[in-house]
Ligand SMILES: Cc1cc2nc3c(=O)[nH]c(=O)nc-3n(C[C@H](O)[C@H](O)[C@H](O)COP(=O)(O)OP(=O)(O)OC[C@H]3O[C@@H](n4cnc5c(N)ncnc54)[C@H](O)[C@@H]3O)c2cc1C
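Just the one chain here, laid out as structure tokens, in the form predicted alone.
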Amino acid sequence: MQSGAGCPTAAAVFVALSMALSPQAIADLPVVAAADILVVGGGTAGAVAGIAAGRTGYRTLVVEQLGYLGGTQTGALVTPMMPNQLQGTPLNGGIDAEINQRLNDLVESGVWRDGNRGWFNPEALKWVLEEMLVSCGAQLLYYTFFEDAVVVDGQVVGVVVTNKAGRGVIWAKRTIDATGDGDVAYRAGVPFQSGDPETGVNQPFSVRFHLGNVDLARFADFLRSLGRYEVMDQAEGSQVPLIHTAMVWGRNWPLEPLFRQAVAEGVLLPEDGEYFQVFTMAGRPGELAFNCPRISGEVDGTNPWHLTQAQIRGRQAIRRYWQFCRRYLPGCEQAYVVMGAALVGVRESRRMLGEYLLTETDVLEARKFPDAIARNNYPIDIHRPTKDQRPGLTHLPPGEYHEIPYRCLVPLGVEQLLVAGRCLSATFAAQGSVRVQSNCRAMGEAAAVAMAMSLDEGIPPRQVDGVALRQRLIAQGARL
């Protein structure tokens, strides 16, 4: 079993001995709610799972620890929609496409290049997700933390939650674990993997932030003057051009001399040049969004001490980046920090073992599956955990994609439970490819539809026909 402060050993599989509470242990707890389909976590996968489940007509409840939906998209400010498409056509449709269209209709997300559907406004996404979830008849319970799973005869029948009203139990016929870290599955005893099999270390964290009061025209002119074209066409209907630039030590990118000067002058630390990325977003004129600082070292996303230190170190680095931008980047002289991420951006933690383990070979050989619930050709994107290992992308063959089978959502050892999102059953490398937002959304939708089919047929979700699930998803607009 994984310890609270340590990292898993190479290639280790951790068996979470079921710590779930028995019915006797919760007999005195008040009943908070009962649901046909319970979604734990309202993040990237969970919000979509709640929408899809609500549309089936089954009683649906989404439990979320924050006061808004979207998870890392909104709370951790992970605002780029990473490209997952062929010839400019997104590989995932369904609710993912509907969300993006609603954002586009608000002129808060733009189609700028090659199917990358926008560096979106996180506040607008909060509105869109909440409106879609509430309007479909699903219930939503904010400010409530998952505490434990209730397992009876090998079946997850509910969860224990905690909020300002105290502890209580939510009974559920079916439960979707969309916590990102596989918290429900872990407490129910599902085995898992975590970290790089060679080092046992997870991918680095990010603590993102935004700067405001930026003269984007001057900043764009400055980037052009560096000799590398990094200013894209303006999105139709948007007041904001897409501006993008980045810097990583040793790549000879245009900003590297400025970073070296800033380190020499004591404005930045050497670690600040390990990964720097900045871009604009539709709907937020005068702002820059930063995909940094990147936090290496203690990066177990299930360890609250690691998360706490990441938040502290992140804020310290944000102050340094802010001063760097004001001093060295034209157009940023009067910039201020608009906001820092309320959540640490966690790329990878527990990966729960399921009926099928998606592998690096599956990804790179573009394997297809009869029970596929999503298609992907985003490269294997590994942010190396140590500063001497650079980030890298490993692409699929040109014009190819692979598929994610439904079985990756079906955890071993327990019934009436599915996982959705970055905690799916996948190896370290494969998860580094499929963890992007459009895939997590597709997993959430598939899990919800599978749960409805399981209720319709009176069978556990493990027995749901993945081929029939695929056909139902296609009928609902999925691209499979």
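Sequential numbering from 1, following the sequence displayed. Bear in mind the structure is a predicted one, so any value in this text is a computation, not a measurement.
The same protein also has a form predicted together with the named molecule, omitted here; what follows describes it.
Proximity of Met352, Leu357 and Asp465 to the named molecule in the predicted complex is absent: no residue of the three has a non-hydrogen atom within 4.5 angstroms. Within 4.5 Å of some heavy atom of the named molecule in the predicted complex lies at least one heavy atom of Gly180. Under a 4.5 angstroms non-hydrogen atom cutoff, the named molecule in the predicted complex has Ser206 among its neighbouring residues.
Using a 4.5 Å cutoff between non-hydrogen atoms, Gly70 counts as a contact of the named molecule in the predicted complex. Using a 4.5 angstroms limit between non-hydrogen atoms, Val78 touches the named molecule in the predicted complex. The partner is absent here; in the predicted complex, the one residue of Leu125, Ile295, Val169, Leu343 having a heavy atom within 4.5 Å of the named molecule is Leu343. Checking Asn121, Asn100, Thr144, Asn376 for any heavy atom within 4.5 Å of the named molecule in the predicted complex turns up a single hit: Thr144. The partner is not drawn, yet in the predicted complex one stretch among 449-457, 410-418, 60-68, 26-34 has residues with heavy atoms inside 4.5 Å of the named molecule: 60-68. The partner is not shown here, but in the predicted complex the stretch 426-452 reaches within 4.5 angstroms of the named molecule through a heavy atom at Arg435, Val436, Gln437, Cys440.
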